[in-house]
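Just the one chain here, laid out as structure tokens, in the form predicted on its own.
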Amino acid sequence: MSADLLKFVELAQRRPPQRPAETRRRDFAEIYDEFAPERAAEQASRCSQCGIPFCQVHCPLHNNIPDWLKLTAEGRLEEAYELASATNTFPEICGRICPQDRLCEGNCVIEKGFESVTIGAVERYITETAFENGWVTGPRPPRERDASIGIVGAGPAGLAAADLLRRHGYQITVYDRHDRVGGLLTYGIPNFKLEKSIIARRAELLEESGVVFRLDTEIGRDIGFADLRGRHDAVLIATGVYKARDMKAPGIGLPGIVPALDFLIASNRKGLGDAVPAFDVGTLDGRDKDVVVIGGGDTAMDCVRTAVRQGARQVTCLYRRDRGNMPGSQREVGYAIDEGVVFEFLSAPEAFLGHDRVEAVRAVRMRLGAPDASGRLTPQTVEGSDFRIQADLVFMALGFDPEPIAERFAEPSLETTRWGTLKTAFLTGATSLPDVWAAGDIVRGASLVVWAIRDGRDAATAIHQQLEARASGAVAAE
């Protein structure tokens, strides 16, 4: 059945039903309900099927978005899923947590005047329909290969590579220092954005297909890196970046000033049913507290929205630039405002006040001056503009840097950049060591999940090509 497209001129943009802010701020459930089938088809039919699909161009995975929107509009959902999953290992995850307003939807050609197609919501709908109907399967290699590949890190880059390499028939072992699969998908992103069952079902499909997970295993501590290389024909490092950036200010060492990721991990572990002593005694629990979050990225938004759901008395976000210059998703900022978060834009912390623990933040107003080398307007202090904010807990969401991985792996010949990330060949992910590749944030620096998936897939392709060429050469030599 064919469907009329270009319906954006007569159909307004409508997202799936959103739970009211007053309701959703009391729990950690996802904030959107699912599309009704007819509504998803209607919204997909708004696509203009333009000659140059900027949505696809600006997607890191270059997903075939217009094509699967057309198939959705026509009710051909199994085909839509096959097309969506051909370029994206985890469309159900990207449909939930990608900042579509900065990527595909933000570059939709009908966005000005008519509002963009709801690409993320349709992607999520397609994949959930596929799971409900049993269309989603794990990798099914046509033949088994003897070659073995070790992957360090069970986050999005590592899992994407594991999926693609297993499809080629390689023997895959994934090592991770955490006790669950997913990395920051599991421990860094709150349930109201990504429920943990979404990650667990993908991990189960990979396990069923033959991927082996060695959890609670840290390379460099439990297994030496040289030993790991000896076990496998190729190694992929996909460890991510976890080292919180800090700042220098009077009082920064006071108890109650906590890295954002420590807070998010504690909250997620609590939601998973784990014992979290620091949470149970109130150290990382925002209930009935004045909470201040410093930063303006997606991690900061995860923190403020988590604190709201924990029952904080007041949640304030300090950001040194204005809203238009925030690095995170504007949609997430809007959700936070709806849920009662107070934003102090053009404000920066100057000192942290208190005796035995933090009691307040002394902040100062900022104005935006001339652009810096990156093109962003430079924040400048407004003299005599300091003010105080009560704070029982302060979460620092200033970004992440890589841990010194060459030292951690006791492998000094593993070359790094001046930022501490691993130095790799363009697109392939090959490192300075033979048969060792790297992908995701450990190469790129702290970035988006969709970029980690892209990097993992690219590295997997490069690994396969090299091992295939080596196998072909061995056969020819015989």
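For every residue, the number given is its place in the sequence shown, counted from 1. Computed from a predicted structure; not experimentally measured.
Keep in mind the form predicted together with a small molecule is missing from the figure; the text below concerns it.
Heavy atoms within 4.5 Å of the small molecule in the predicted complex belong, among the stretches 261 to 269, 201 to 209, 360 to 368, 282 to 290, to residues of 261 to 269. Only one of His232, Arg166, Arg321, His178 lies close to the small molecule in the predicted complex, with a heavy atom inside 4.5 Å, and it is His178. Think of it this way: in the predicted complex, the small molecule has a heavy atom of just one of Ala307, Ile189, Leu236, Ile172 within 4.5 Å, and the residue is Ile189.
Mapping the unseen interface onto this chain, Phe343 falls outside it, with no heavy atom inside 4.5 Å of the small molecule in the predicted complex. Contact annotation for Ser432: none of its heavy atoms lies within 4.5 Å of the small molecule in the predicted complex. At least one heavy atom of Ile219 is located within 4.5 Å of the small molecule in the predicted complex. Within this chain, Met396 is remote from the site of the small molecule in the predicted complex, having no heavy atom within 4.5 Å.
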